[in-house]
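What follows is a single chain, given as structure tokens, in the form predicted on its own.
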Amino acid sequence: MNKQTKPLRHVLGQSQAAALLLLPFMSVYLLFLVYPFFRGVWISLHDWNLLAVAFNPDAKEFVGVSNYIKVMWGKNIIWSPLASPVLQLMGLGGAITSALLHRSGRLGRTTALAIGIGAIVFFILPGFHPGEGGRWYDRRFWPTVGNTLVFVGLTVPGVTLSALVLAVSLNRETRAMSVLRTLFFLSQVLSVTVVTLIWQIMFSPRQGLIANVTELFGGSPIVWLTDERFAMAAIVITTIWWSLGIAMILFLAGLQDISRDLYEAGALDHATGVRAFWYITLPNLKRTITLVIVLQIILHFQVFGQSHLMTNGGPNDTTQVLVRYIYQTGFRDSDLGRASAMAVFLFVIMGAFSVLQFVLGREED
């Protein structure tokens, strides 16, 4: 028998063939993802001035966790249960709710534990604040984290609910529905530069569509992008419009995977319309909803372009977000060590949500 006609797995063995086929991907993955991550962790442990090290590689100094302390801590920091009452009560309420839902059988043990731990962390972290005569070493870091949390907290529910409503409305096999799906998905393929340019014009108090509609009804135009009360809302609206497409497609895929027999059986028990949506559609979309929420959280924690291009982080840092602050610290201030420490902090947050998705997925299986 001609050896050249044998399959690769017979020549090398199944495990060796699999390793050989994985080698190109693993090489690229290790070189461009794993190595840069550990390199970033190493840089975060040094006093690393970007320009100084570029001219003299020995200009860096090992400082251990000093950069993390400078970023996240301060002088005379204390904790109290009412430092941020709204946020801390929300965290405490989440922990109690997860415990009650688990006790009633509506939440599995793993899911309730994951939500409970997250809620407790949400209760503890906002309680830290400077005591008398104290101060944060980096007074902009935690407000920037807070801005990012507000942004994520508004965009994720906005995208999820809007995409779900659109998917349910467009889940019909007609030519008109196909055209509408394409139109709603088109925003997803635009670059952030184009999206921000479109919405800067939309929000313009002189020539914008929103200002014209406001004047039509006798109101005064809002200066969206330079008003501290509305700047973050403008970025949130822009992001929801931009991010709808992929979430809608995921929900459409989930809807089309639900058997029609379930709806026919539900109709015999008078489960139609809203009742069918509540008792049939939503339970069968649980995994898709979890996937969309976690993906949106991870994606929106990395927001940069909207803040940078629309408001330049202003006014008065009200739209400053974490990735933009990392960029400024590393490339404007040349403090690459402190920027890397903030990047590791962001990685931990996104890693936690990835683990949460994995845990929820396993429990649903």
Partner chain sequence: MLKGRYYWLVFALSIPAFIWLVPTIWMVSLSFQPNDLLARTTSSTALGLVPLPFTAANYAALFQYGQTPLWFLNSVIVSLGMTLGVLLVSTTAGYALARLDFPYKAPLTVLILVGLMVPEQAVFIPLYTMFADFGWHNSYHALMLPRMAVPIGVFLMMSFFKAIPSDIEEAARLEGVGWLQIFWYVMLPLARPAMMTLAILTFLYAWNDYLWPLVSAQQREFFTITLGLASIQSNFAQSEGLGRVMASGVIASLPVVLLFLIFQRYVVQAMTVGGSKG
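Quick caveat, the model's predicted, so the values are computed rather than measured. Positions refer to the first chain, counted from 1. Whichever C-alpha set is largest while still superposing within 1.5 Å between the two forms counts as the rigid core.
Only in words, not in the display: the form predicted in complex with its partner chain, which the text now covers.
Highlighted residues Thr182, Val194 and Ile298: every one comes within 4.5 Å of its partner chain in the predicted bound form, counting any heavy atom. Although the partner is absent here, Tyr327 lies within 4.5 Å of its partner chain in the predicted bound form, judged by heavy atoms.
None of the heavy atoms of Lys75 is located within 4.5 Å of its partner chain in the predicted bound form. In the predicted bound form, its partner chain sits beyond 4.5 Å of every heavy atom of Ile69. Not displayed here, its partner chain is kept clear of Phe62 by more than 4.5 Å at the level of heavy atoms in the predicted bound form. Of the candidate stretches 102 to 110, 84 to 92, 207 to 215, 116 to 124, only 207 to 215 has residues with heavy atoms within 4.5 Å of its partner chain in the predicted bound form. Proximity to its partner chain in the predicted bound form, defined as a heavy atom within 4.5 Å, singles out one entry of Ala271, Met202, Leu154, Met232, which is Met202.
This chain appears without its partner; in the predicted bound form, the one residue of Arg172, Arg275, Lys286, His129 with a heavy atom within 4.5 Å of its partner chain is Arg172. Taking its partner chain as it sits in the predicted bound form, the stretch 30 to 66 comes within 4.5 angstroms of it through a non-hydrogen atom at Leu31, Phe32, Leu33, Tyr35, Pro36, Phe37, Arg39, Gly40, Ile43, Leu50. Core-superposed comparison between this form and the one not shown: the C-alpha position of Leu216 differs by no less than 2 Å.
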